[in-house]
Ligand code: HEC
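Below you'll find only one chain, the form predicted alone, shown as structure tokens.
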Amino acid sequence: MRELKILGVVVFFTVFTYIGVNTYAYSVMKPAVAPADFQFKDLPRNDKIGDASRGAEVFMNAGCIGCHGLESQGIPAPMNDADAAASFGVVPPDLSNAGLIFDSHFLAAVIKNPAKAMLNDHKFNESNPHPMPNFYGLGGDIDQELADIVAYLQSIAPEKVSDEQVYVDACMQCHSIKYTGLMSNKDPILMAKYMGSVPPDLSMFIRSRGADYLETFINNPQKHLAGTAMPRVGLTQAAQEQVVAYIEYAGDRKKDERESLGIKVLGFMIILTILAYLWKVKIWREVH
């Protein structure tokens, strides 16, 4: 009976520590933030119906191909990565998949005013302009032209891309994942100058931060790190889930196996405890 009382005390303080102290520590060290906003409610809404054919003309004539490539359409990037990084600080992404993985309202907003849409207008201003210039249109209805460009990007986008490809398009402009061999080929000195520091390798980020943190951080980095130079990525919910899935694959691909093994270990320990207690009772009964 004495052993059961000791076990009860141990269980009580274990549960108290886990639920009480652990919860308090998380509230201080990892404050709660608003959930991810995949509607991008802070951005202006552009409800114009776009025309893909007109969007192709605007895309070509507005100078977009001066920085961005469309490999799926046979339009290569105008500069190699080294020259682009030296010119802009970062390599402009290929937009072949942009219409699929990025939210349409975000796309329109980021074309119109990239610093504001990506929430790093605290870093880029008139004295330090964003590498991607604002879009002022071709002289017509600017909102219609934006809607047309978005419609064009959506029309050329594939129906589906792999988790790895979404990661490449959304994150590998800055971040590497050495565990899977996806290495950003950007000059770290130029990246540090552009971002303020060298963006970290994300191989173990899922283990150190967790999926919940990644969900809100990718959607809006300012919620966790106010003033960070990391831009809001603007992914759709489905695309962001693919990014998180790939980062989890890279850093925690044994998660399911590990979690199932944990349950088996706990079961083993419970059975072992019961057997040890019964054995102890038997021995002491014979002694007395």
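Only a predicted model underlies this, so the values are computations on that prediction, with no experimental measurement involved. Don't overthink the numbering: it's just position in the shown sequence, from 1.
What comes next is about the form predicted together with the named molecule, which does not appear here.
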Of Gly262, Pro31, Pro35, Gly63, the one that lies within 4.5 Å of the named molecule in the predicted complex (heavy atoms):
Gly63
The listed residue (Ile75, Leu119, Cys174, Ala157) that reaches within 4.5 Å of the named molecule in the predicted complex by any heavy atom is Cys174
Would Gly137 show up as a contact with the named molecule in the predicted complex if we use heavy atoms at 4.5 Å?
no
The named molecule contact at Cys67 in the predicted complex, heavy atom, 4.5 Å
yes
Although the named molecule is absent from this view, report whether Ile218 comes within 4.5 Å of it in the predicted complex, heavy atoms only.
yes
How about Leu107 - does it come within 4.5 Å of the named molecule in the predicted complex, if we only consider non-hydrogen atoms?
yes
Spell it out for me: taking the named molecule in the predicted complex, does every residue among Ala52, Ala115 and Gln144 have a heavy atom no farther than 4.5 Å from it?
no
Those residues of 198 to 220 with a non-hydrogen atom no more than 4.5 Å from the named molecule in the predicted complex are Pro199, Pro200, Leu202, Phe205, Arg209, Tyr213, Leu214, Phe217, Ile218
